[in-house]
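We begin with a single chain expressed as structure tokens, specifically the form predicted alone.
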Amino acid sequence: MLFDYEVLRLIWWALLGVLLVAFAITDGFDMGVAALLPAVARTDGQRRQVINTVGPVWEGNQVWFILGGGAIFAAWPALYAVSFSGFYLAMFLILSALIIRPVAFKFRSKREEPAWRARWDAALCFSGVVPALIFGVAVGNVLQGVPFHFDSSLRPFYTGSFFGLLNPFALLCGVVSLSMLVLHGATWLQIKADGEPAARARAYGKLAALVVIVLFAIGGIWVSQMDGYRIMTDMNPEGPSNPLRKEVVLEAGRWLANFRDYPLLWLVPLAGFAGALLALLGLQTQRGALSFIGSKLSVAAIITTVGAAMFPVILPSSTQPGHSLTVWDSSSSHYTLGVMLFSTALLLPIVLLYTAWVYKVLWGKVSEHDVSKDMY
């Protein structure tokens, strides 16, 4: 193999983060636009205008969600087994919303009755709000620890409940996630739309930016007082994937240990605040590119902050801390990670080039008067 096991594990941990960030940045503005639809578009023409800003690109954006899920399944099978079974109902809600979205896109224009289109518009709003909220709730629960353990055969057992996920800190994270993507959707509409929808999007986007800044700060203070997970055993980065061979203890403020040890990491959460402020400035001055770059920076930095705080822990266990999953004991085999990296190196540039070409071809504003009746 070109890389040793330790390096491959680090590469795939970083690639997982890249895929999650790519999904949040691309499909994130789709969800933000859908969430804003009832608020920024008052007439049927305006709603069709707003929908057509994302209609041609949402399918390509959702590829990143599939890639992220595939990476978890292949590179981190223990993480996949615990999270997808433990968060089953939450995942079901997310997938239901993502399934409803294409149906709403295709069916709303099939009839001209206002009631028919209103129902599908509500479905589109649902498809934007629910995933954005639940993704944040999931992150909040991960930071607090998830109730799971393994038996001696490494079979995972989840002992929590769906309503147990809806605790105060997790809901705070959910609102941060929703506000972050609403801001991202508003900056996209400032670039792609004109007229009243763009003006209303600026107003809601500025409010969302302020909410992101305030709640992200509150979340940071909360995390500083929260119990984090400290690994007491010397981990072998080249060792076998067995999460039962370590001792883990809870320690107040432990999630900030990486920032204390590596002060440059503080630039990551600061970039989250700076991006939101940049987006706010761009919305205030009606500079679409500036606001969109700012919202992308904020989304990427906020997600990266979580990964930087938790490393090397990937999924902590609240019931059996020693069973927590880490970068060093929950990956696939050395050979599997190597083959996957080779395949990714070949195929990912093609995905990136095609995506860039699609956006280049479809660039430009969408006007209410230019929307054809044959479109969404």
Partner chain sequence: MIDATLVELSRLQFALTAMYHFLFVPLTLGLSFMIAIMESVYVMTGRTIWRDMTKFWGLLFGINFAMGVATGIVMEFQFGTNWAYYSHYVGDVFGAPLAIEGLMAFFLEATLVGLFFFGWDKLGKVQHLAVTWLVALGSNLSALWILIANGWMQNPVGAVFNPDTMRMEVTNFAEVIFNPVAQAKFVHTVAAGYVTGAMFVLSISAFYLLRKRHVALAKRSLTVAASFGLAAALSVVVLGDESGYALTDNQKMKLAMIEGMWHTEEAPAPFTIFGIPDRDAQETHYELRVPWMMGLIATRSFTKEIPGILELVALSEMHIRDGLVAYDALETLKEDSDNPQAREAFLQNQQYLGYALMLKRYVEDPRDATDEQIISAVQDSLPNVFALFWSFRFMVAFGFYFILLFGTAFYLCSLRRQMPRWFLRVALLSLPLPWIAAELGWLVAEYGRQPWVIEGVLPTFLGVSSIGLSNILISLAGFMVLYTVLAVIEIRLMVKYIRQGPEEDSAEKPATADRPSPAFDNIQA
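Residue numbers count along the first chain shown, from 1. All figures in this text were calculated on a predicted structure; none of them were measured in a lab.
Although it is not shown, the form predicted together with its partner chain is what the next lines describe.
Taken together, the three residues G70, L98 and E112 all come within 4.5 Å of its partner chain in the model of the complex, as judged by their closest heavy atom.
The closest heavy atom approach of F311 to its partner chain in the model of the complex falls outside 4.5 Å. At the 4.5 Å threshold, heavy atoms of G322 stay clear of its partner chain in the model of the complex, well away from it. Using a 4.5 angstroms limit between non-hydrogen atoms, Y80 touches its partner chain in the model of the complex.
Using a 4.5 angstroms limit between non-hydrogen atoms, G307 is distant from its partner chain in the model of the complex.
Look at 228-236, 167-175, 270-278, 81-89: in the model of the complex, residues with non-hydrogen atoms within 4.5 angstroms of its partner chain sit in 81-89. Taking a 4.5 Å heavy atom cutoff to its partner chain in the model of the complex, the contacting residues in 102-130 are P102, V103, K106, F107, S109, K110, R111, E112, W116, R117, W120.
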